[in-house]
Structure formats: C-alpha cells, structure tokens
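There is one chain below, alone, in structure tokens, taken in the form predicted on its own.
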Amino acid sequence: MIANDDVVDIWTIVVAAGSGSRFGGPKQFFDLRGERVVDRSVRIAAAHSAGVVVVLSAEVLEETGPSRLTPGSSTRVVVVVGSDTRSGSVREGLAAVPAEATVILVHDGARPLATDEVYERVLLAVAAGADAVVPVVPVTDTIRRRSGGVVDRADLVAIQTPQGFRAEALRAAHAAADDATDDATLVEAGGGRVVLVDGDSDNMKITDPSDLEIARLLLARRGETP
C-alpha cells in the first residue's frame, strides 16, 4: 500500500470530457449503484493523489456543475474545461496541475472500476524509474486482418488507465501538441521508457448502456457500495 505521506507530489487527471454520443448522453454522469460514474472515478483517484483535476466539456460543465465532484476527503479537486480531442483535454488538465507535482496519473473517467491495486502497481513502477507506466490485460479474442490472416495475439495487450508518468516526461510529451489515443504513446514517441504492469479484467471502459449494466453487476459481485 502506498503510504499517505507518499502521495503529496502525485496528481491525477481524470478525463471526462466526452459527449457520450454513442451512449446516448454523458455517460460519466449516469448512476452506478448510487454513485455517478465520474464521481467513483474521482473518489478512487483521490485516494492515491494530493489532488485531482477533472476535465469536462463546456456543455456538460454548464449543465451539471462541478459541485458534486468531491471525493469525501481532503484531496483537492479542480475542474477544468476540456478540448475537442482527448490529448487536448489532457493538456488542459496538465495546465491545472501544480508545477511541484513529480508524478502525474491520467485516468479515463469512464473507467470507474479501476482498483487500488492497479493504482499502486502503476505508482510503484513510476517510483522505480519508468517514464510512463501502462496497465494492460491480455487480448483473449482471436484477431484477424481484413486483408487476410490471423494476428499472433501472444504479443498483444489491451491498454487501460490509470497510466502513470514522471511529471516532466508527460509535460514534455505534450509540449508539441500532438495527438494520440493514449499518453504513453506520446511519451514513447519522444524517447521515453514505457513499462507495462498488470491491469485488471474488470477495469472496463463504459462505452454503451450494456457496459454500464455489466459494471453494476461487477460491483454487486464485489459487494461494494459508495
């Protein structure tokens, strides 16, 4: 377990600026066993951070307001407006992270089932010297190319969040304002060392309504309540 004294320089950016077009509405504000999806994501992040920056779209922020985005602890929570792209939204979040932060985590707000254990594995790998740390799970489906032929899945993994970074490595990676589907890709493109750690098969990303139902079932199986 990461000691409370060790989180003083750790900040987490929770990216929740999506419009939820495939979901039929802002999925981050739907109920998940008595707690909104994004609130759960913020609460778990707060347990491992000195502060959390929540990135929302301007439309969502105007409609819902930030008042409920509190982790129930002394952790500082800052809400900022995101961008049209994921990378742009992360950059908006980075701008709100204090300069003294030495470790920055980036987490998808639509992954509310990330566990303390995943957070700790990521943080320990950053502490051990990695520039970027990515939690991953094995690819279990058979993957086939449209042009023909099956891909050897032994070397494939599915990427999850939270991803962890040395703060200076993440800031440098975003300085060029490039875009990528995840932040470790930008760090790697700049020559940074990326380390993979075990993710969690339950750490799913909620994309459509059926995913939300599955997440509710998974939490019920864990016996968890807000």
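All residue numbers refer to positions in the sequence shown, first residue = 1. Bear in mind that the values here come from a model prediction, so they are computed numbers and not experimental data.
Another form, the form predicted in complex with another copy of the chain, is not on view; read the next lines as being about it.
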- Note on the structure: Within 4.5 Å of another copy of the chain in the predicted complex, heavy atom basis, the matching stretch of 122-130, 77-85, 98-106, 137-145 is 137-145
- Task: Evaluate Ala58 for contact with another copy of the chain in the predicted complex, applying a 4.5 angstroms cut-off between non-hydrogen atoms, and reply yes or no.
- Result: no
- Taking 4.5 angstroms as the cut-off for heavy atoms, does Ala175 touch another copy of the chain in the predicted complex? no
- Check whether Asp9 has any heavy atom within 4.5 Å of a heavy atom of another copy of the chain in the predicted complex, and answer yes or no. no
- Partner proximity in the predicted complex: Glu35 to another copy of the chain, non-hydrogen atom cutoff 4.5 Å: no
- Message: Could you pull out the residues of 146-164 that have any heavy atom within 4.5 Å of another copy of the chain in the predicted complex?
- Response: Arg146, Ser147, Gly148, Gly149, Val150, Val151, Ala154, Asp155, Leu156, Val157, Ala158, Ile159
